[in-house]
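Taking the form predicted alone, here's one chain by itself in structure tokens.
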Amino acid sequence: MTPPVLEIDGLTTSFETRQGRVEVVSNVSFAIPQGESVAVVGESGSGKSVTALSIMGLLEGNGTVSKGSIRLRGRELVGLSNKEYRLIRGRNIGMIFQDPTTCLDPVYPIGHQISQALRIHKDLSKAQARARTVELLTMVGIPDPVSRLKSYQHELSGGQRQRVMIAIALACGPELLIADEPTTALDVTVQAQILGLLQKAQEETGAALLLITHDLAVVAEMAKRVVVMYAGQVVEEGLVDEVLNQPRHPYTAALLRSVLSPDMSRDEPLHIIEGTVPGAHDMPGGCRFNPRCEHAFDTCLTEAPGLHDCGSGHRSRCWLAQRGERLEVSV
């Protein structure tokens, strides 16, 4: 049986701080088969980006994968040296970061930055790499791609810079594509174009897609499965249609109620999740969501729930789900 493109099992990522070692991601597990899209959703501070950086081997110096496994096509990535990881980044895993201005080098033209990846990982000649770079810029919708080879990032719009990031991520035909908030700070029209481009690229290459976002509308459009994270843990996971229409965790339901609906009147207040995501040093006892949960009861305050199988691969880290109770919420 062919292994999933990406398989994460019990991933725990920790950071050394002045207050001691803290877990920022705790016991996270999920898999992405070839050609499938999985979205990871949650508020800022939920551990989404740290999970992606753990996969890429790009944690800061004080961060480390302290437990668990990350396998790419069955190959263990945890424990690889930086030299070994460099051979994988770009060639086997491509990543689109949320802010291209901090990832594109302002010193070199964009054509050089794309072609360098091709020459390193694909062993192409200078002429071959240039021709492939033009193809990639054409594919991602950059107008007049030949003349744009000499353009610097400051000469491009925000949407064009993001397209260049996608071209770099796709350059070597990676098996796994990670997109971390790829439409941040883009207007609605450009967001739709970028998402359409990602869908088209995935269909053409057959790559697995890990999409990190806080936007549930993007999840509904782009992904087959969704992983909901809160305070470093997976709190719900399942098929997108099932999770978004029948959430089994109060946090997922609260996120859904916080989304603007076309049916809402101008006078109707938007639902707000009271409080904030706890910091790594301030995790509450029991369920980590209990201080903000309108359904919390005594057990939630003292005992941490595990992920309960609700059927059809739908899992929820909630005592209500384990007791077989449905959430009385309107989403």
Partner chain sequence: MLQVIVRRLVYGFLILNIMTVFLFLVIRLIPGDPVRVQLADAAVSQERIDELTAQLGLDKPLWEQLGSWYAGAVRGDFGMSFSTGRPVGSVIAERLTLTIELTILAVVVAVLLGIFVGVISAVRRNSLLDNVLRVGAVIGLSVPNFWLGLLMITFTSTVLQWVPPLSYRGLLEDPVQNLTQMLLPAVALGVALAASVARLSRSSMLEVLGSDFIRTHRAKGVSERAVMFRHGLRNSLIPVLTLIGIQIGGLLGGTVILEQIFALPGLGRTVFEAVNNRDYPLLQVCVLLYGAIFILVNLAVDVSYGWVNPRMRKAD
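Residue numbers count along the first chain shown, from 1. Owing to the predicted nature of the structure, the values given are computational and were not obtained by experimental measurement.
Absent from the display: the form predicted together with the partner chain. The rest refers to it.
(request) State yes or no: in the predicted bound form, is some non-hydrogen atom of C293 no more than 4.5 angstroms from a non-hydrogen atom of the partner chain? (result) No, C293 sits far enough from the partner chain in the predicted bound form that none of its heavy atoms falls within 4.5 Å.
(message) Residue-level question: is K126 within 4.5 Å of the partner chain in the predicted bound form, judged on heavy atoms?
(response) No - in the predicted bound form, heavy atoms of K126 and the partner chain never come within 4.5 Å of each other.
(message) Is it the case that V228, even though its partner is missing from this view, gets within 4.5 Å of the partner chain in the predicted bound form, heavy atoms only?
(response) Heavy-atom contact with the partner chain at 4.5 Å: absent for V228.
(message) Does any part of D298 reach within 4.5 Å of the partner chain in the predicted bound form? Heavy atoms only, please.
(response) Answer no; every heavy atom of D298 is more than 4.5 Å from the partner chain in the predicted bound form.
(message) Given a 4.5 Å cut-off on heavy atoms, tell me which of 57-65, 28-36, 302-310, 279-287 is the interface stretch with the partner chain in the predicted bound form.
(response) Checking each option against the 4.5 Å cut-off leaves 57-65.
(request) Report the residue, out of I212, L209, L137, M165, that has at least one non-hydrogen atom within 4.5 angstroms of the partner chain in the predicted bound form. (result) Checking each option against the partner chain in the predicted bound form, the one that comes within 4.5 Å is M165.
(request) Find the only residue in L149, L176, A117, L77 having a heavy atom within 4.5 Å of the partner chain in the predicted bound form. (result) Contact residue from the list: A117.
(request) Please state whether every one of the three residues S69, R71 and E84 places a non-hydrogen atom within 4.5 angstroms of the partner chain in the predicted bound form. (result) No.
(request) Counting only non-hydrogen atoms and a 4.5 Å cut-off, give the residues of 40-55 close to the partner chain in the predicted bound form. (result) Counting only heavy atoms within 4.5 Å of the partner chain in the predicted bound form, the single contacting residue of 40-55 is L53.
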